[in-house]
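Just one chain is shown here, as structure tokens, and it is the form predicted alone.
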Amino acid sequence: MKKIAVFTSGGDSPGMNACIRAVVRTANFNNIKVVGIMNGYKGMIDGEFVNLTTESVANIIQRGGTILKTSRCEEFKTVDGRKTAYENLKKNQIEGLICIGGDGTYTGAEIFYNEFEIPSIGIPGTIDNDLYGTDHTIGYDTALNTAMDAIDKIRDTADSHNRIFIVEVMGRSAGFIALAVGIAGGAESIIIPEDTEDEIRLFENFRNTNRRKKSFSIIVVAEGEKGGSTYIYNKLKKEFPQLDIRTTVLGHIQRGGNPSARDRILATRLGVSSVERLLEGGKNECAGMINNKVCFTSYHDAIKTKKQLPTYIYSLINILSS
């Protein structure tokens, strides 16, 4: 290969810039030219290409977000849109792709390869940590620390006013953030999509007359769980009107900020390994880190296989909140 392209797609996550930096410098080290595609798949269709050099990625390892920008592109889901993207890549003599994003990014890359045989390697960039084939995704650790810091501050005011706080964190249909930050933040209850009994246990806990009397409580809720914090608040308030309850939605602050050391190292290792894999002939697969070793999984398996929560961690909630 003489020229490859890198882009970020879907939701941004801290560490994407560190990954872009690693991709560009590894390619340059191997005398490969690198093009950055602005705005993800949309930029591929619109021809938004920029040349990237070692100097282009200087002083970005510590920055959150993505210098290549990102977007969601409905046009790429059409045959005509993908054909235009392919023609732009060929016109610019791009022979391979590094795709940084989540399952939507992987899905697009797999379809694109099946239609036009442009080899690509995916890198897991999402705070949700819900991608199969890797223990952690780029941005997950930073998002946890951001949410934990917020919960630590909320605990202070909850304690001062003897209140119950319902804290909603991101995660859509996955409870990885809620579970981890709930444990780290000392939550009394954690409500996640994967557990069908969590709400029942929450209400049984408040009904229990032998329950340890606490001056305050923290309940962590994943945003995708039945309407999030508002839903839990309304149900609790209806049954226990005497309780002083407040809700806090952390929202997109979890996506921003400087990436943690762990995310920078993960992004760097995956960026370097992905370029090397592409140059060795790898295609239609994504990088990941399992047991601190870089591994590669097919797009098909990464998309179709549901990543399981570490149940042994969830079992700690009942013990620690008793």
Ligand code: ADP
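Keep in mind the model is a prediction, meaning the values are calculated, not measured. Note that residue numbering begins at 1 and tracks the sequence as displayed.
The following text describes the form predicted together with this ligand, which does not appear among the structures shown.
J.: Look at the stretches 180-188, 144-152, 105-113, 84-92 and give the one with heavy atoms within 4.5 Å of this ligand in the predicted complex.
T.: Only one stretch passes the 4.5 Å heavy-atom test: 105-113.
J.: State the residue from 202, 170, 192, 73 whose non-hydrogen atoms include one within 4.5 Å of this ligand in the predicted complex.
T.: By the 4.5 Å heavy-atom cutoff, the listed residue in contact is 73.
J.: Tell me, yes or no, whether residue 163 is in contact with this ligand in the predicted complex, where a contact means a heavy atom of each within 4.5 Å.
T.: Outside the cut-off, so no.
J.: Are any of the heavy atoms in residue 101 no more than 4.5 Å from a heavy atom of this ligand in the predicted complex?
T.: Looking in the predicted complex, residue contacts with this ligand include residue 101, since a heavy atom lies within 4.5 Å.
J.: Answer with yes or no whether residue 9 is in contact with this ligand in the predicted complex, where contact means some heavy atom within 4.5 Å.
T.: Yes, residue 9 is a contact residue.
J.: In the predicted complex, is there a heavy atom of this ligand that lies within 4.5 Å of any heavy atom of residue 77, even though the partner is absent here?
T.: Contact check for residue 77: yes, within 4.5 Å of this ligand in the predicted complex.
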